[in-house]
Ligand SMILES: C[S@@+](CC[C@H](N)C(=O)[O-])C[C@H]1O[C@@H](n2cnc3c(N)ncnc32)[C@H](O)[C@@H]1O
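Shown here is one chain on its own, the form predicted alone, set out as structure tokens.
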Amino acid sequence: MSKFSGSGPGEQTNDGCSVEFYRRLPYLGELDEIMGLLPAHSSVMELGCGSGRLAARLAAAGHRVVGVDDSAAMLSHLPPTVSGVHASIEAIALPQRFDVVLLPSHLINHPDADLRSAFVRCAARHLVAGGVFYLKRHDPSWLRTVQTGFLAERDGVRYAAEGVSRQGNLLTMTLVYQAFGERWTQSFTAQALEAEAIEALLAEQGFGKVQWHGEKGLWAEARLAHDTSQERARGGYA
């Protein structure tokens, strides 16, 4: 059974992320493997933007960024260079279209298959003709092998895992973050997804050939296979 919860100083979001932790966490290079692929001065929609750590980096690179998140507390920390929209990814339907839609932070690994499809439909209905969708998945081998205990220490943050359990391709665990003299936890469930599963999901929602980027091939890039303006007009991507 999936579970999402968090603990530690400050407010926690519906998926267990701690607002105060992410507000203070610096950019850790999460977009470095695809930043050079984005066309200059693109309009970018980031889905699940949180406190804006990645969105701020995109804006600093000259992109026009809209960040979407279902946590008003997270959005309150967005920099002035980023426009925030308080909404769930699966429900949002803005009138504007974007050159690039991003789904980072391993959100595609949500354990609910219907929500995974809804996330991809959201990207499809918000792209301009010729626009590009980037999503990042968890490394499936890591999800299948990670064990309870110390994981890593980076930039002053110590990471550890607690309560690791598995059921098929589903992993449930609690990540423990120790930083800034505080301790936070995030409990979650994630679905391990191979590249073929992501490609099939994208194809189901009208995307064409997928290109994979990064050292471990965890970033997927895809464009819509055909003009979706008629489907959008009919609400086919709602």
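Keep in mind it's a predicted model, so treat the numbers as computed, not measured. Each residue number is its position in the shown sequence, starting from 1.
A second form of this protein, the form predicted together with the ligand, is not displayed here; the remarks below concern that form.
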Heavy atom of residue 71 within 4.5 Å of the ligand in the predicted complex: yes
Should residue 54 be counted as a contact of the ligand in the predicted complex, where contact means heavy atoms within 4.5 Å? yes
Give a yes or no for residue 139: in the predicted complex, does one of its heavy atoms lie within 4.5 Å of a heavy atom belonging to the ligand? no
So, in the predicted complex, is residue 49 in contact with the ligand at a 4.5 angstroms heavy atom limit? yes
Partner absent here, but in the predicted complex, which of 192 to 200, 57 to 65, 207 to 215, 41 to 49 has residues with a heavy atom within 4.5 Å of the ligand? 41 to 49
Would the ligand in the predicted complex be within 4.5 angstroms of a non-hydrogen atom of every residue among 22, 90 and 119? yes
84, 79, 104, 111 - the one with a heavy atom within 4.5 Å of the ligand in the predicted complex: 104
Within 4 to 38, which residues come within 4.5 Å of the ligand in the predicted complex, counting heavy atoms only? 13, 15, 17, 22
